[in-house]
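What follows is a single chain, given as structure tokens, in the form predicted on its own.
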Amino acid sequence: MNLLEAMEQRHAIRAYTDEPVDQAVLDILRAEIDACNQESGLHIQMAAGLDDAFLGLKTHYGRFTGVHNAIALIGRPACVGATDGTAPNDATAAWHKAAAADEAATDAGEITLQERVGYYGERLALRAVQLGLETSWAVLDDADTAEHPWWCLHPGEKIVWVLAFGHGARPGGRRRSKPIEELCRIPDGMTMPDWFRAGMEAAMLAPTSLSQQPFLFTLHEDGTVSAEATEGLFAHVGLGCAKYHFEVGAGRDRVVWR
């Protein structure tokens, strides 16, 4: 299964069976996580075979059952002007306030973190689908203060999202999307190039909160592409997912980001 096929196959599955994930599959996922951490500077971690990988914590959206395996998407906000990568306490506090109110991030460092989590989290989700698993994104309330967590947070870090994965107990639902014309812009008088259309069709398959698709891609006269988050829940995480999909669909060698 290639990545485009995995995009078509992927659905948000919130109910899982007790069938364990094969150790060879877990080893492949761990290697992919290591690669993502190396490239991104994130601190992504995984646990498998637990009674409850969500530790009884409430999820922000949707009810989950049978979650024995999960990937914690962990990082710290980039601190603008700092050289040590640390984030001030008020930035972390602002994240918790924004997450509770479902507001889009406004801090530049937080925006960077959320987009990076979306990009690399979706890379891992699609790899899991390629390995025959089901996945779903989730936000765990109070994850940073959980008792006896299986993850480790370094100073200034937080769990942005988590990925549940395993063998699905039921099939996914029907996927819906906005029209492509609402999600992208091209220069006046230009016919949409095939590579850009392919990228958009892949981006339209990306997961976003409540399927809101809060992103907009723009093709510029010089052939570069820009992408921005629009109004919506956790829009910058969704944008990161969509940008990864776009690169795969259009061809990474073809995309030059502005």
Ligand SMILES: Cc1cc2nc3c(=O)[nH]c(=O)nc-3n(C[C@H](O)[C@H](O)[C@H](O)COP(=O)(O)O)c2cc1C
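Quick note: we count residues from 1 along the sequence shown, nothing fancier. From a predicted model like this one, the values you see are computed outputs, not experimental measurements.
Heads up, the form predicted in complex with the ligand isn't pictured, but that's what we're talking about next.
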For A35, is any heavy atom within 4.5 Å of the ligand in the predicted complex, or not?
no
Might G49 be said to contact the ligand in the predicted complex, defining contact as any heavy atom within 4.5 Å?
no
Against the ligand in the predicted complex, would W195 count as a contact residue? Criterion: heavy atoms within 4.5 Å.
no
Exercise: T230 in contact with the ligand in the predicted complex, heavy atom 4.5 Å:
no
The unique member of R175, R185, K178, R170 whose heavy atoms fall within 4.5 Å of the ligand in the predicted complex
R175
Spot the stretch among 204-212, 186-194, 221-229, 40-48 with residues whose non-hydrogen atoms come within 4.5 Å of the ligand in the predicted complex.
204-212
Those residues of 1-20 which, in the predicted complex, come within 4.5 Å of the ligand by heavy atom:
R10, H11, A12, R14
